[in-house]
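Just one chain follows, in the form predicted on its own, and it is written as structure tokens.
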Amino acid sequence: MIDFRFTEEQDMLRTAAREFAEEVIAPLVPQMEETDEMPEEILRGLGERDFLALGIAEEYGGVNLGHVAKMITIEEVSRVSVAVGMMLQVMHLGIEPIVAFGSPEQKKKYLPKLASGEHFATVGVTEATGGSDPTGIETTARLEGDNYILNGRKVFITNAHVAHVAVVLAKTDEKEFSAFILSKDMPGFRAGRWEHKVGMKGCDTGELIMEDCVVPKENMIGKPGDGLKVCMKAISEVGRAGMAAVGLGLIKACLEASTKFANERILYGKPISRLQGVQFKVADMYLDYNAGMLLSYRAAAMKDRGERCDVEMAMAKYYVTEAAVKAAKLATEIHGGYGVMVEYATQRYLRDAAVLNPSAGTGDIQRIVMARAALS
């Protein structure tokens, strides 16, 4: 028997996330659009409401509600602000390698502060020479005594400036990649350029720079050579789930804005919601949201059961982010001239949607994953 219903606990979490989004985040969206910075009230609120602790065990200060719970929270937040949803999902992405592969000592040292929101996390893989193909990275880690010395530059890193902790991929040999936990208090580690994106204003994207950065060898996650497994499993099974959840929130926002406008906008003596052309656009968004929700929550439920789900995550990420771009375009069309005016959120949805595709692997990368599964 397949049960598509959420549990009572999950419904309560959705209510709490929606209230936080509408009461705390929504009034601050104009400020984020203007300053391109994340307000402290939002960062503090994520920790206070345990939204960062969802995937962390109780012994480390978490609430351990799982991956479906993370998807619920990210979707509800993204419905109000894609920027906050993106930031939140990357924080979960940064936490995951420590949860899944960290030693007991690493978990004890880092997870409690990440669960409480005292510290924030990210992952540093992408470089100018490699992103979708991480084997192209050039960051190096050289063992000297009890420390590794890291040198390199990561680009397009979400949370680069707000994160205190970063899981970074580096080459420990010519063909050997390893993962390290870095913190901003380590000598030689800093944030670099602040990127200004067309959308997701307020969601920090920038560089992570390592210049003779001294990292204790006990900060390596797993063994030398485990880096690709550590980072790519987190990206394929947590990062892509997070992007699907962000996309779901955006589609829902587009659908709600469109139906409200269509019912209130009077043209030719009647609401434009009675026009078949408008109805078809709304129907497409409605279908895409429901199809995307089934794909996404199925994949998250598989992850919670401990099943392999990389292909399912790729399908969810690809379908939902593509559908979100389509929904933003349709919502703008339904609003007509109003759709591109700054007073209406549709222009923000259109800009935000443009940033979805490259994150956690481009659409083409997801198609490669799906094709390999189908052809096998």
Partner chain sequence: MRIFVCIKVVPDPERASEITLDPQTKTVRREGIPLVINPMDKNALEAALQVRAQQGGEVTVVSMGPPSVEEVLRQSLALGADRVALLCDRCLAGADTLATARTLAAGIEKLGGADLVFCGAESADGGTAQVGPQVAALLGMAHAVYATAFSLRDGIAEVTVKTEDGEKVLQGGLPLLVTVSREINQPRGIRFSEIVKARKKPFNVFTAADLSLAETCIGEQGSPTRIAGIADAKMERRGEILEGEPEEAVAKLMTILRREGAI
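Predicted model, so just to flag it, every value in this text is computed and none were measured. Residue numbers count along the first chain shown, from 1.
There is another form of the same protein, the form predicted in complex with the partner chain; it is not shown, and what comes next is about it.
*Asks:* Thinking of the partner chain in the model of the complex, which stretch from 332-340, 312-320, 63-71, 25-33 has heavy atoms inside 4.5 Å of it?
*Replies:* One stretch meets the cut-off, namely 63-71.
*Asks:* Within 4.5 Å, heavy atoms only, which of 307, 59, 41, 48 is in contact with the partner chain in the model of the complex?
*Replies:* Checking each option against the partner chain in the model of the complex, the one that comes within 4.5 Å is 48.
*Asks:* Can you check whether residue 13 is within 4.5 Å of the partner chain in the model of the complex, heavy atom basis?
*Replies:* It does: once the partner chain is placed as it appears in the model of the complex, residue 13 has a heavy atom within 4.5 Å of it.
*Asks:* Can you tell me if residue 9 lies within 4.5 angstroms of the partner chain in the model of the complex, counting non-hydrogen atoms only?
*Replies:* Within the cut-off, so yes.
*Asks:* Is there a non-hydrogen atom of residue 19 within 4.5 angstroms of a non-hydrogen atom of the partner chain in the model of the complex?
*Replies:* Yes, residue 19 lies within 4.5 Å of the partner chain in the model of the complex.
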